[in-house]
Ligand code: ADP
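There is one chain below, alone, in structure tokens, taken in the form predicted on its own.
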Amino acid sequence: MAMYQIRDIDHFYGDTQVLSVEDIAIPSGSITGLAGPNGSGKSTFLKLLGFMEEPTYGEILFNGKKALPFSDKVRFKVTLLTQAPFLLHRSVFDNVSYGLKIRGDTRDIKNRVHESLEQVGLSPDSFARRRWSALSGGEAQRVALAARLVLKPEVLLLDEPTASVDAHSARLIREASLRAREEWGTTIVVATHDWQWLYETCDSVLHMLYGRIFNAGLGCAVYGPWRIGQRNLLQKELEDGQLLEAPKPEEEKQVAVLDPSRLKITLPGKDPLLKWNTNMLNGIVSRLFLEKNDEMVQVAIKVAELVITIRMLSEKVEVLKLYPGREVCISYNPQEIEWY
């Protein structure tokens, strides 16, 4: 059963449209990642899923029924953890127990708060009575997460939960969130740039750009300025002088997206005839990431200021002997570049 069903949402702030999302279902008990550059609409989408705002047009069904912001149907079932943790100017114990007290659910409250602190790697003996102002950034984020986990929510929404914390805290936040799914069946939606979240932890990933979920998968967004080039194509000069060519867009479309499924990686000088049929970009492998199925590898390639991520079979990676720092060539057909 779908925890969420999103139906033809268009959302505006004033006269500015910030989201346009067609039919999407988020399964119950799943972990869904939201990927995309800053300003792509991820945080706004999470607010709608958290029923903190109502979409201007369209509807969101929760467990098959329409729900309104802050209604009893959702306000004790869905919780959102933001990138910048908001803590009350009270002790850690009072912060974590606050939601339970609001609900009037104070049974065995001390043990429940202590269990929640332990789940995020904070010793109750050391932290329960500590003031909010005596916490590091990573500790504060973990306390904020504990305050949500103590409620055992049906849905946990995470907005860049590890972006501003140390590596130790990031690992504990990820592990605590996964435990919520494993023990309580919590549905998790996480907006993040963290590869471990997106490609090792998540069951599926939605890619957002300019408020839309687009079909280019791990596509690389290319912004202007553009200039008129040869063959009636537009040209984007990259920082290292290379030229990226694309067809002219339809009106109002501003961002070109390279679809990685249509790109080919070769090694310099290994396919000399290829350059006569397609355009080429030179880059350097910056990172390899093995997906959780152990069959596919995310290959991130730095091309000037761009990072192009291509999914490849692990066997192909071995044949090409790809590793960080390896020089590669990427071939593409300009006519296959899409605009958004």
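From a predicted model like this one, the values you see are computed outputs, not experimental measurements. Just count from 1 along the sequence shown to find any residue number.
Quick note: we don't show the form predicted in complex with adenosine-5'-diphosphate, though the next part is all about it.
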Just to confirm, Val18 within 4.5 Å of adenosine-5'-diphosphate in the predicted bound form by heavy atoms?
yes
Quick one: does Gly58 come within 4.5 Å of adenosine-5'-diphosphate in the predicted bound form, counting heavy atoms only?
no
Is there a heavy atom of Gly39 no more than 4.5 Å from a heavy atom of adenosine-5'-diphosphate in the predicted bound form?
yes
Can Gln298 be called a contact residue for adenosine-5'-diphosphate in the predicted bound form at 4.5 Å between heavy atoms?
no
Going by heavy atom distances of 4.5 angstroms or less, which of Ser286, Ser314, Ser43, Thr278 would be at the interface with adenosine-5'-diphosphate in the predicted bound form?
Ser43
Based on heavy atom distances of 4.5 Å or less, which listed stretch (300-308, 43-51, 23-31, 58-66) is in contact with adenosine-5'-diphosphate in the predicted bound form?
43-51
